[in-house]
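The chain that follows stands alone, in the form predicted alone, written as structure tokens.
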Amino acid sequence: MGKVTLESVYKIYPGNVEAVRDFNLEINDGEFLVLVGPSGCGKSTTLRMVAGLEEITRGTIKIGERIVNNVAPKDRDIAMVFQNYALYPHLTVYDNMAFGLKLRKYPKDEIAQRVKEAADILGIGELLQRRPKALSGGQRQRVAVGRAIVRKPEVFLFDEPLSNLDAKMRVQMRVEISRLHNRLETTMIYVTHDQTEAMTMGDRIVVMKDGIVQQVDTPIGLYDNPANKFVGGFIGTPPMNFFNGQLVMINSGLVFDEGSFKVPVPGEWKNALNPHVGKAIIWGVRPEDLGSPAAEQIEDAPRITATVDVMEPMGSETFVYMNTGEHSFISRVDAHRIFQVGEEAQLAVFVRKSHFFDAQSESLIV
């Protein structure tokens, strides 16, 4: 069974540097779990502790029902795909893929069968007699994945496997890895700093910062209900816009006052936000909820007036960088909506899709 459990796992380096703090998670058998966060957040360290390449300082890691804290990497029934491919340059593709099986004394016939199956799955059957230097980056990555597949492990571990590929190849490879997961139905733990990879590939996503888990949820759960300002700003492209301001009461209704504009708060949020009236608060709204066709179609939608700084046409839509005098922000608008740099424009706000965060803790309020 490919279930992986981490219970109160810590990694503390000399000098009392906490790379991972109190990590608790149960990864289901057959699940595709993604660890995501900025550089230095502890995601690769966590993966390496599961692999046995890093010793844990304290806590428990289980693969299936077996505690593997003191089990050597080769005995954990895992296979790992690295960022730099880690292929032997003097061996052919076939021998690279077969290397681990040969070390474990598998019969030649079984090795040949497993290598052929993996090569067929990955579409590299015609490359088996080439050496790594004769392969493109994408082909090398397929070989590295193939070397993991032939092992038929309980758990696959991927450590930023696509970061060395160009943009087009990254898209192609992430589709192939997702397709591979659907076919093999094996537990996969995948580390990336790219939130687009995380959103498109993961059944669940673990967002980390400074060694601490910020939130664990499905991609849509993270997008719709970020636990705090960090998650809200990390998930989504372009990132969520944040406005500092305060809540004020006007004619028995709550209003967010940014200084240069005011936005009425939906009535159903009043009870949750009442304790914050008169205090500093952070309002978060995604670029796609400012001036988008959906927002513009809302009758009586509140509007923000801001100055256009930069426009980035993306084909089907345009990213518009704007400022209110108090804050700079990004809007995603229809590609056919034309602005001029320097003009003042009004953008409708989809307020019910926005978020309010506590100014001190930065936790989500509503």
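Computed from a prediction, not measured in an experiment: that's the story for all the values here. Residue numbers run from 1 along the displayed sequence.
The protein also exists as the form predicted in complex with ligand ADP; that form is not presented, and the subsequent description refers to it.
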Item to check | Stretch from 66 to 74, 44 to 52, 335 to 343, 310 to 318 whose residues place a heavy atom within 4.5 Å of ligand ADP in the predicted bound form | outcome: 44 to 52
Item to check | Contact residue in the predicted bound form, from Pro302, Gly40, Gly30, Gly59 (heavy atom within 4.5 Å of ligand ADP) | outcome: Gly40
Item to check | Contact of Ala19 with ligand ADP in the predicted bound form (heavy atom, 4.5 Å) | outcome: yes
